[in-house]
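Before any questions on binding or motion, here is one chain by itself as structure tokens, the form predicted on its own.
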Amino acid sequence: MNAIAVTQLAVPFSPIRDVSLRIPEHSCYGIIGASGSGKSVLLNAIAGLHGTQSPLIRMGGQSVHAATALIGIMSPRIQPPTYLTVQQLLHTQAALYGLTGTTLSAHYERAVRWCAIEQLAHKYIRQLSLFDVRRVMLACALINRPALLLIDEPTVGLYAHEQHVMIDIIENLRDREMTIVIATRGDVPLESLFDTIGVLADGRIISELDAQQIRTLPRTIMIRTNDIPTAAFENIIALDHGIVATRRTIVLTGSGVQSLAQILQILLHYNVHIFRIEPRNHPLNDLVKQSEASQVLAQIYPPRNITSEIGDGITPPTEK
């Protein structure tokens, strides 16, 4: 069993002072918080990089130090050596786990396939874009087929289309029998990835949201068009009370967001030209802003009362 347990964790000289959480195996847990809230410190601690704190962090029935070989971490703060090629870097990383021969080849091929970097194999790191480096570093974290994958700010600094590709890559990793923990400041809409979200503020997890609560987070979507015919206009505003429309703008809020597909069908039926569909808010960013009033947010989405123990033993994931 590869569930993660963190119990009253405090990390000296950091914002982390009392973090407790449980992450079921094969789930994706999002840690969101403002810059400086300690997200990266918490990920590093879970990875076993704060040795004095390791008894407070367990994977299955063991401390994280006993499970280091089953943990992969990707962070924009980890800078790879630029004089190596992608293949050399991944082979070097694999050698740290004692992988050789056909086993090394199998792990290498899987990691580059999952991160869609096959075409980069013989390029030097210094030749790569930030996006390509980010995917290579994710492949390094995956090279030993970890049971626990920790990802720190996967989309920071990327262009919008690169963010979408990165989200797709991580989405596909959710089917690979791994437990995934992602830290983000909430400025990119990653909520579709998460089974659970923990809001980090004041040195602790102040709120937690389950999958149903994540799906129902308040959203606002704006559609900009040319003139909407009267018949189309009337059909659209009749769909839901969460739809506000003018002749050239449609705003969806609350339950009205669920009508997006129907609205697009109506607009296409009446040959209405759609100029732009854009989110007017990011739900995760809204949570981060609300975390400034931690007691209020905790009342809306209270953190779980951590009382149950997790099972013993660590079982490496099966090959796929």
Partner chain sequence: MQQRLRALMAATPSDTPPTMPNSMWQLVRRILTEYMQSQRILIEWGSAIVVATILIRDSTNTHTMMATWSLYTILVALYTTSVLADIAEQPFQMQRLLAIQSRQAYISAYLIAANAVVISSYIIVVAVSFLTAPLARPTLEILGASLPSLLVLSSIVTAVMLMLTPLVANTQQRIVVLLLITIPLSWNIIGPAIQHIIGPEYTTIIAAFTTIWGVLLWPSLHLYTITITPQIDRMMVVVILFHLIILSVIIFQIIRWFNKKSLTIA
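Positions refer to the first chain, counted from 1. None of the values given here were measured: they were computed from a predicted structure.
Although not depicted, the form predicted together with its partner chain is the subject of the following passage.
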item	value
Heavy atom distance at most 4.5 Å to its partner chain in the predicted bound form, all of Leu89, Gln93 and Asn144	yes
Option touching its partner chain, based on a heavy atom within 4.5 Å in the predicted bound form, out of Thr253, Ser259, Ser40, Ser27	Ser40
One residue of Ala231, Leu130, Ile78, Ile237 in contact with its partner chain, assessed in the predicted bound form (non-hydrogen atom, 4.5 angstroms)	Ile78
Heavy atom of His269 within 4.5 Å of its partner chain in the predicted bound form	no
Contact label in the predicted bound form: Ile182 to its partner chain, heavy atom within 4.5 Å	no
Contact of Asp210 with its partner chain in the predicted bound form (heavy atom, 4.5 Å)	no
Its partner chain contact at Asp227 in the predicted bound form, heavy atom, 4.5 Å	no
Residues of 145 to 170 having any heavy atom within 4.5 Å of its partner chain in the predicted bound form, listed in sequence order	Arg145, Asp152, Val165, Asp168, Ile169
